[in-house]
Ligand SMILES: Cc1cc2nc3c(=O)[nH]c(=O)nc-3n(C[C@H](O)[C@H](O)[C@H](O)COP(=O)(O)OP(=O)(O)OC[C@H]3O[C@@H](n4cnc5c(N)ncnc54)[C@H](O)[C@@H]3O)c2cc1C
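Given as structure tokens, the chain that follows is alone and in the form predicted alone.
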Amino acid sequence: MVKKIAIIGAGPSGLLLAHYLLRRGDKYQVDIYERRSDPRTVSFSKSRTYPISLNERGMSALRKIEGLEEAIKAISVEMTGTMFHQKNGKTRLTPRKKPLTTLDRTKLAIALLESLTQKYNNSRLNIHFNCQCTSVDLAPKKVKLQNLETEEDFTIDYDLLIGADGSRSLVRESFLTTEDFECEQNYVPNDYKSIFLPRPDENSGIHLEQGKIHSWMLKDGTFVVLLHQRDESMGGVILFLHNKNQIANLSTTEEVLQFFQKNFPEVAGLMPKEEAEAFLNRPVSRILTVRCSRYHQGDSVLLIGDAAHAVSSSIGQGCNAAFEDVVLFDNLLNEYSDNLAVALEQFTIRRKCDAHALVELGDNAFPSSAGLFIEFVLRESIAKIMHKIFSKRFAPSISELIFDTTVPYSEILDSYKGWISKVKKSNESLISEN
């Protein structure tokens, strides 16, 4: 008997899960519901977008679906290291053992979407845009939604409901009515705004090497990260403490340009007035982290990605961890012959420890203070040297474990408990000072 799968959320994780489920033959009929418009038809500036970095965790998940890795690499840029720009104009390069595959989130979603619709017709797959989930009724297995274009309400039923609807998941919210479900949500201390810079003018005198992640940090923890895009433009973010928001005080385009000229002159030199004005008008964004006591409900609901374990963007693992969820669930369906009740329960059992560790690493793997950041860079260099010489006695650096391997997050956390504790104290002190 064909199972009806309803996926709430057409972000990268929901779309990749649809790929995995549909390749299992005729066992599943998949319907995806997304509150935003089809990204293939909406003008790019109106899309929710930011740069994403995929490491081996994410790329190995794409690799298992024919054609996806090639399609993603065709629209991506590989990053072979991180360039730290210092106040005195000098730079320090930290090379990567394995390159990161970086691209825009919207372009990633479009590539997954196009591949999905090319492979499957509406006899097995239907994608409903501009449809917002309004409530979930767990007992009768029904979801209420609203068509945002017509404002009409409608109800669907399901055999399996997937909550891939982000950190503020409505599917997860329905778990609050069940017994023994706990969920901890916290905002990370840093807020952020996106930055988009055009292809550099050859006469600007500013050269930011392609294939490198470029970063700048101020003493108060304000941090800028920029990456080259496929068209040689640059995209990234500026992060700053929520309770010491320098950005909120900027009220004119001139003040934006002056702020960047004073603190990040290379960025200012590449920022036209149009981007300064657009930056001024962009809302400040906050990141919510999520820890749950379980990721399933009975034999019919599963949370994946940010809905299950939203994480700080500081370690670039949100999408990678979400793709890892998809692979784990697929493996469990194989192991238990598509017995949903057992596979869902096992997903919580096998994922919870790593998912909680992921959130802890996101909060405290990398320091916010400039002073401790220098120590972090030194520790990284020493760890790489010692591991190269004494690989059995010394673990790789924490950044290498996170970015370049598929070592479980819980093992990484266990290897670096002392450092995590030190960063946590430093970050808490920085927040209290401000």
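Everything quoted here is computed from the prediction, not taken from an experiment. The first residue of the sequence shown is number 1, and the count goes up from there.
Absent from the display: the form predicted together with the ligand. The rest refers to it.
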Is it the case that Tyr28, even though its partner is missing from this view, gets within 4.5 Å of the ligand in the predicted bound form, heavy atoms only? no
Just to confirm, Tyr192 within 4.5 Å of the ligand in the predicted bound form by heavy atoms? yes
Check Arg36 for me: does it contact the ligand in the predicted bound form (non-hydrogen atoms, 4.5 angstroms)? yes
In the predicted bound form, is there a heavy atom of the ligand that lies within 4.5 Å of any heavy atom of Asn320, even though the partner is absent here? yes
With the ligand left out here, work out from 76-84, 113-121, 126-134, 332-340 which stretch has heavy atoms within 4.5 Å of it in the predicted bound form. 126-134
Give me the residue from Pro99, Pro200, Gly235, Gly166 that has a heavy atom within 4.5 Å of the ligand in the predicted bound form. Gly166
Can you name the residues of 1-34 that have a heavy atom within 4.5 Å of the ligand in the predicted bound form? Ile8, Gly9, Ala10, Gly11, Pro12, Ser13, Gly14, Tyr33, Glu34
